[in-house]
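Take a look at this single chain in structure tokens; it is the form predicted on its own.
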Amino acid sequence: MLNSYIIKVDCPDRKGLVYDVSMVLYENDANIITNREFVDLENRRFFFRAEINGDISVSCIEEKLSKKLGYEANIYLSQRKRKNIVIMCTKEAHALGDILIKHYSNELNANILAILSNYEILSSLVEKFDIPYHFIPNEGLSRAEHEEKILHVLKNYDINYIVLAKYMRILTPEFVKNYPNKIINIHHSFLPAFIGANPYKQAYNRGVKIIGATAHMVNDNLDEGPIISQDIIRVDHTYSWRDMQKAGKNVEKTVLSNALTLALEDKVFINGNKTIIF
């Protein structure tokens, strides 16, 4: 049976790019199963993703594409396989639990290597799934000292993505630069209108009619990284703030799950501070 691969290309736009990429794949015995492309006209940048199969040499195709497309091209070619993720959490179980159940049910195209938390409260949940749980308390430590301890643990794992499943501590730019475009976060879309303690109670007091959530890549700016997935649900005056919180948690776990699936299937391109989703 032929191996399956994902190829992603982005480069400055010009005529003939689809032809050039397709010919390199054809000449190297790769068969295109599906493909999509998009041109960002404002920035004149071309994006291409294809699922291919064949008895191919990854390094050979990458080299020939680099020569054909030029040094400004980003080329990603990898065999389709489960990716390795580590999840970071604090106290809330809904987002973490949803991912763990999907992993247990073989609905997640990933290997969960470990869970990291600054609290022990979720360790009993994780134990049920036989996944390592690292408790790294932050009390008495500066942010830099705490992150150093986290990085010491993470370096033991070969990680494709870090998932922040309601990890309630701000990561510093020094931490983020170790995993560029590899950290996925979920937050309620009340930000920046309702920040700080108990945003759902603030939203209730304001009489909001829509509850939403946003999953995004983490960068140096708090909650301003490229957005991967969003969703909303409507609420009304009959909702208490606890009803809103419950509804919000359901949206959060769904949005995070959707974003994670897109990333694991290599369907996300970073385009400045935006994403291209195929």
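Everything numeric here is computed off the predicted structure, so don't read it as measured data. Quick note: we count residues from 1 along the sequence shown, nothing fancier. Between two forms, the rigid core is the largest collection of C-alphas that superpose within 1.5 Å.
Below, we turn to the form predicted in complex with a further copy of the same chain, even though it does not appear here.
Picking from 134 to 142, 149 to 157, 171 to 179, 120 to 128 the stretch near a further copy of the same chain in the model of the complex, with a 4.5 Å limit on heavy atoms, gives 120 to 128. At least one heavy atom of H94 is located within 4.5 Å of a further copy of the same chain in the model of the complex.
At a distance threshold of 4.5 angstroms between non-hydrogen atoms, E107 is in contact with a further copy of the same chain in the model of the complex. In the model of the complex, N31 approaches a further copy of the same chain with a heavy atom inside 4.5 Å. At the 4.5 Å threshold, heavy atoms of R206 reach a further copy of the same chain in the model of the complex. Residues I32, I33, T34, N35, R36, E37, F38, V39, L41, E42 are the members of 32 to 66 with a non-hydrogen atom no more than 4.5 angstroms from a further copy of the same chain in the model of the complex.
When the rigid core is held fixed, the Cα atom of W241 travels 2 angstroms or more between this form and the one not shown.
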